[in-house]
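Below, in structure tokens: the form predicted alone, a single chain.
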């Protein structure tokens, strides 16, 4: 019989993975990996503020990630600095403020390693309820906004001509990513959540012919990475978060080599 803590970890981890896959496709298509890193670095500050005011760290993380996402949108609209410069400033500043805030709370014991690298095996039923609620909301958002987001990603100017509110779609995507990062830190941690957003979609891209197919395969690869990563963690006694990312990277490496081999055979002249 499956242990209760393993069942909780599987449910929580898979719930995050199946949302990270489709959302991660837009991260790959729009080259937003640095934005994901900005959100993940901000998560530590949110958790610290949540602890400081006696609130749930997840609630603090959600609030700060959403605030940082809106700041990114505001600063990008001014066009005074390049996007990567803005996100670089915010990412490292938020991480530094978060570490400093935790250091200034000597009476509070904080599992910093758990926040940084995740602790999926410690997920409780309360965490699962939060993850499920946010995951459901994000799933509805992805389905509802799929066509507008895809149109803006393919050709923003054409999307505007067709009546798509490009700015609103971009802000909605950033807010959804902020929410995912906030709950995803429970699974793979603040420093590794971007891996779950980037690696499975990048792997799925090599075996997909349509955007919808890539989204589905990305979700499946992310979920498989969570399940096999947890198995690796339990059998090899390695941290669960890094184990999940290791499995995802092996999926990517395997599919990359298979794709290169297939392309090589296709390009070979007939004999």
Partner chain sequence: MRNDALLRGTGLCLAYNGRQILDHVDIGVDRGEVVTVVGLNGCGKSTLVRALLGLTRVDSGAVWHRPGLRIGYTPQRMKMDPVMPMTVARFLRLGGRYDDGRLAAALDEVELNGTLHAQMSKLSGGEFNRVALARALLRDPDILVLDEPLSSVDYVGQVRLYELIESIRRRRGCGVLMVSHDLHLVISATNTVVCLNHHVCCSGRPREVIGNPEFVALFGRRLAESLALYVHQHDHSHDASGRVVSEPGDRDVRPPAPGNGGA
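Bear in mind that the values here come from a model prediction, so they are computed numbers and not experimental data. Residue numbers count along the first chain shown, from 1.
Below: the form predicted in complex with the partner chain, not depicted.
Item to complete: Flag residue 231 as yes or no: does it have a non-hydrogen atom within 4.5 angstroms of any non-hydrogen atom of the partner chain in the predicted complex?
Response: No, residue 231 is distant from the partner.
Worksheet item: Would residue 29 show up as a contact with the partner chain in the predicted complex if we use heavy atoms at 4.5 Å?
Response: Yes - in the predicted complex, heavy atoms of residue 29 and the partner chain come within 4.5 Å of each other.
Worksheet item: Using 4.5 Å between non-hydrogen atoms, is residue 129 touching the partner chain in the predicted complex?
Response: Answer no; every heavy atom of residue 129 is more than 4.5 Å from the partner chain in the predicted complex.
Worksheet item: Just to confirm, residue 111 within 4.5 Å of the partner chain in the predicted complex by heavy atoms?
Response: Answer no; every heavy atom of residue 111 is more than 4.5 Å from the partner chain in the predicted complex.
Discussion item. For the interface check, one of 161-169, 191-199, 85-93, 129-137 should have non-hydrogen atoms within 4.5 Å of the partner chain in the predicted complex; which one?
Written reply: Of the options given, it is 161-169.
Discussion item. Please identify the residue among 69, 214, 221, 245 with any heavy atom within 4.5 Å of the partner chain in the predicted complex.
Written reply: By the 4.5 Å criterion, the partner-contacting residue is 214.
Worksheet item: Among 150, 121, 179, 102, which has at least one heavy atom within 4.5 Å of the partner chain in the predicted complex?
Response: If I apply the 4.5 Å criterion carefully, the residue I get is 150.
Worksheet item: Taking the partner chain in the predicted complex, which residues of 183-219 have any heavy atom within 4.5 Å of it?
Response: Heavy-atom contacts within 4.5 Å come from 205, 208, 209, 210, 211, 212, 214.
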